[in-house]
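Heads up, the chain shows up twice below as structure tokens, two forms, tagged structure 1 and structure 2.
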Structure 1
Amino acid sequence: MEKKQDNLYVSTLARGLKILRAFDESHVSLSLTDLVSRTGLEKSAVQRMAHTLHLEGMLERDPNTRRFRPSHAWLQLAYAYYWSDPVIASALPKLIEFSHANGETINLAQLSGDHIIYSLRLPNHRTHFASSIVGRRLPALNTAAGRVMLSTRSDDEIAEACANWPVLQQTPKTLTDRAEIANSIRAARQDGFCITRDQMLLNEISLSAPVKGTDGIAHTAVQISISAIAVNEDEVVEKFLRPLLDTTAGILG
């Protein structure tokens, strides 16, 4: 896949990035040969890239196992990202306020292609690890946050997304019927919020409201997670919709 008829494209750099992206939640430390198989690059290419990334402080290397791991530099990049995105600075104090006042898990989600990505998370319960750390990507159509953002778009865009964007069956109860997802988005447009249940995690209720820009389109949403053991959807809306909308209203999209 050495692509492009593009004389500005530096394939060596792309290969190096490929090494970085070989790491994910189920590949936390990789040997040279692991990297070869995961990236599809030549052994010697991997050798040189990994070597360089190590020297440059982007990869940690365990001297015993000789396996590579992400370094702290990866967190530093996140730090730079946070400063670069103005929505973050606007949202963070509001989320802290909400978390403090309501004691519930609250997240900031942004649209990233056909996925959402969680950019801020303030967990208030012990919950699954993946649900507590930033940077997680989920198919937009599967999530309340994704649907509520889509609901601010034109009918055509919604239809296009519902037809083509990925849907992932995460739990037995995950909604995979695209027509039903479209209904959910239509409802969200009416209501100004979206609520889901058991979509990514069983017994988890998600309530989300959009952060609209001046054009009325939302690239950001705030989402809260509530355990469905104690309460049902109606009660969640009853109790948390108002504070949630207060929160989103204070954020500059």
Structure 2
Amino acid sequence: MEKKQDNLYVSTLARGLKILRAFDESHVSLSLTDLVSRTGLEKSAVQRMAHTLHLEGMLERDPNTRRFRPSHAWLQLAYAYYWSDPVIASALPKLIEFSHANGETINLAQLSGDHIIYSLRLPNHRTHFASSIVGRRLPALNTAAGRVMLSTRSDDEIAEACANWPVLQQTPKTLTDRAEIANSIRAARQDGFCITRDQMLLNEISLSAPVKGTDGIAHTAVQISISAIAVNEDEVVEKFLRPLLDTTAGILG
């Protein structure tokens, strides 16, 4: 059903959520003018809703610059989410076990529309700040985790995703050819894992395996990130695929 035809749809609430979604890693602090530009809403509406969100504790406002930024209340929402999702409780001890045994960065990714979102991240000493924070969203087609989750879908779903989902040119070596991405997904279906290199960061190898539900569909994947300076893809598969598959097998899908 289209939103405009849904009698239960509250457009005012949707506009307020649009303001909250205007903030991301590149826009951590926004003025009223910035919010108008990023949301496309009228200035008067943005002013009222931003003020309300500030009074309700969802946004902080600098008294000098009058710029808004997310408040600690967002962490409370994340805390509630973690307790509500049984996959998180099932996955965390398995990821900790893998991290202790192998010393490499390991992440839990979940499909969020046409993106993946990192729900758990256990970094190692080489991991930079942006790659250690939960909640980061990336285009699914760009990532090993997104492709391996898509590999559990039907041919029609894969074709639709490869035709229409976004692709981000993150590095000079990022694969943007949609036919080649589809080939990568089909290979992941046959292999049971997906491996990529230089897609989001240069000299980074990502190896990912799906966490399948009882229907065989994966909404979650486990992904490890390894520096490609000293190893190649074959060596990563040889060393880490078995413990990675053991990890995903122990997670509730």
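C-alpha atoms forming the largest set that superposes within 1.5 Å between two forms make up the rigid core. None of these values were measured; they are calculated from a predicted model. Quick note, the numbers are simply positions in structure 1, starting from 1.
- Source of structure 1: the form predicted together with the DNA.
- Once you line up the core between structures 1 and 2, the Cα of G213 stays within less than 2 Å of where it was.
- Superposition of the core reveals a Cα shift of 2 Å or more for L32 between structures 1 and 2.
- Between-form comparison between structures 1 and 2 treats the chain as two rigid units and finds the smaller unit turned 10° relative to the larger, from C-alpha superpositions.
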